[in-house]
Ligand SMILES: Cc1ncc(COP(=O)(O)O)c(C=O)c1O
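Given next, in structure tokens, is a single chain: the form predicted alone.
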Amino acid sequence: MIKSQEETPLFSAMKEYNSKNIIPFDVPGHKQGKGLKEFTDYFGQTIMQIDVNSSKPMDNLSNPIGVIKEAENLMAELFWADSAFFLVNGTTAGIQAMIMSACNPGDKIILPRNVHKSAINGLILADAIPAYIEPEIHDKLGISLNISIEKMEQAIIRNPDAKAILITNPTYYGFSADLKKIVQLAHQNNMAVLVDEAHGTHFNFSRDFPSSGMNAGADMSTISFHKTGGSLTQSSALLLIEGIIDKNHVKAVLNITQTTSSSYLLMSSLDVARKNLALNGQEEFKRILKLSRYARDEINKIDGLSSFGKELIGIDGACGFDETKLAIKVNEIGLTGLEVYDILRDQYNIQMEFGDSYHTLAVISLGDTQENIDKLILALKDIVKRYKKEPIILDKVTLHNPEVIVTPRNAFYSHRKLKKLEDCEGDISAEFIMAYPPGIPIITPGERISKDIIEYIIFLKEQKSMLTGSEDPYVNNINVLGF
């Protein structure tokens, strides 16, 4: 029997367990904070007391039959799914589980090339073969949009044997594809639809947002509850509509990749954040949309700055737009988004989500206030006043799909050698290189390294972007296939 959305089965069980003054002879070894005094003194006794281990009263994430299962059922109900699975390894674990649940070794999956790194890792784990689609590009803005229906139809015709389609909903910049149409096309061709909804947890709570994966009839979606739903970092949920994919198989896959020492702090934050959205989500996101629209309007009044919005809906790859993604175009004032990202943090104590060649991005969500939005706007006005110079136009702000030579799994397990970045043109990459955030790979294992890719990596290094994924932390060298 499903409980009321006003209840928090797991969080309530944690509080009851803590009230009993249990003497712990199990792990964790800090024993309710007594063994980690400096940390406990800073964060407080309560948080350490409820950092508990699996037990009969507290259930077990590997095989939930008690309070965790009750909390997952409430999550499924709220998001119109048949089943929900709590994730403590982030949406990374969910994306990998979706791919491994839908694809057997050697199966083909259709997906955009600008997916998160976790999707490529999912291909490696599943030994699946990617059939990449290039997202639509908005040349003037220098950003990728989403996948057009025309390109999706062509990809299905070219790959009729594909077992699944993976779609990002929305992209990092807030653009959604025509998800309902994609689901219809996929199911007509016996393909499962998997949705990376890392930035779309909130879509169910306003008609002004694009359609969610579950609402569109997708088979599975993974939501980063911690990004826009209010839970603690690293906590996410995997949602399933049963039919093509069996829930017991999904559970088995998750038990391969997810930790057996699941954090009850993370899981209970999912339970409480779910309750908050169930009771207050519509009203909260009405307020957040008002803040987002105000911020966008004020930024568009600042000479040299602009922030795109719903006016782009209708062009290829932009069926919908999430207004809480506030991308600020700054190249007209002679700065890159990476530079403005650093200036805002270092000089104004404002931490943006990320910066790219032309934009810096703010994510507006549950904890944002009018006061903080106004501080951002004042800071941007001051930056324009202090830094404005001639506009910059960069040769490379977006990259086209690299050429795939070897499957990700085969490349990952092949012999490799280390070469200087500048000498790698034409070689096949044996590792990932990406700017984080957003975590979209510039190059992945098995792809040919082009001159454009080398120049773009050098540009990011010059901008002091946070590059990750490579063995060399400074990306002066790259592992390529060979002896």
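Residues carry their position along the shown sequence, with the first being 1. Since we're looking at a predicted model, the values are computed, not measured.
Below, we turn to the form predicted in complex with the named molecule, even though it does not appear here.
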{"query": "Candidate stretches 285 to 293, 223 to 231, 251 to 259, 208 to 216, one within 4.5 Å of the named molecule in the predicted bound form by heavy atom", "finding": "223 to 231"}
{"query": "Non-hydrogen atom within 4.5 angstroms of the named molecule in the predicted bound form for each of T92, H116 and T168", "finding": "yes"}
{"query": "Distance check, F354 to the named molecule in the predicted bound form, heavy atom within 4.5 Å", "finding": "no"}
{"query": "The named molecule contact at F321 in the predicted bound form, heavy atom, 4.5 Å", "finding": "no"}
{"query": "Proximity of Q96 to the named molecule in the predicted bound form, heavy atoms at 4.5 Å", "finding": "no"}
{"query": "Proximity of A198 to the named molecule in the predicted bound form, heavy atoms at 4.5 Å", "finding": "yes"}
{"query": "Answer option from N146, S268, S236, S101, heavy atom within 4.5 Å of the named molecule in the predicted bound form", "finding": "S236"}
{"query": "One residue of Y358, Y264, F79, Y172 in contact with the named molecule, assessed in the predicted bound form (non-hydrogen atom, 4.5 angstroms)", "finding": "Y172"}
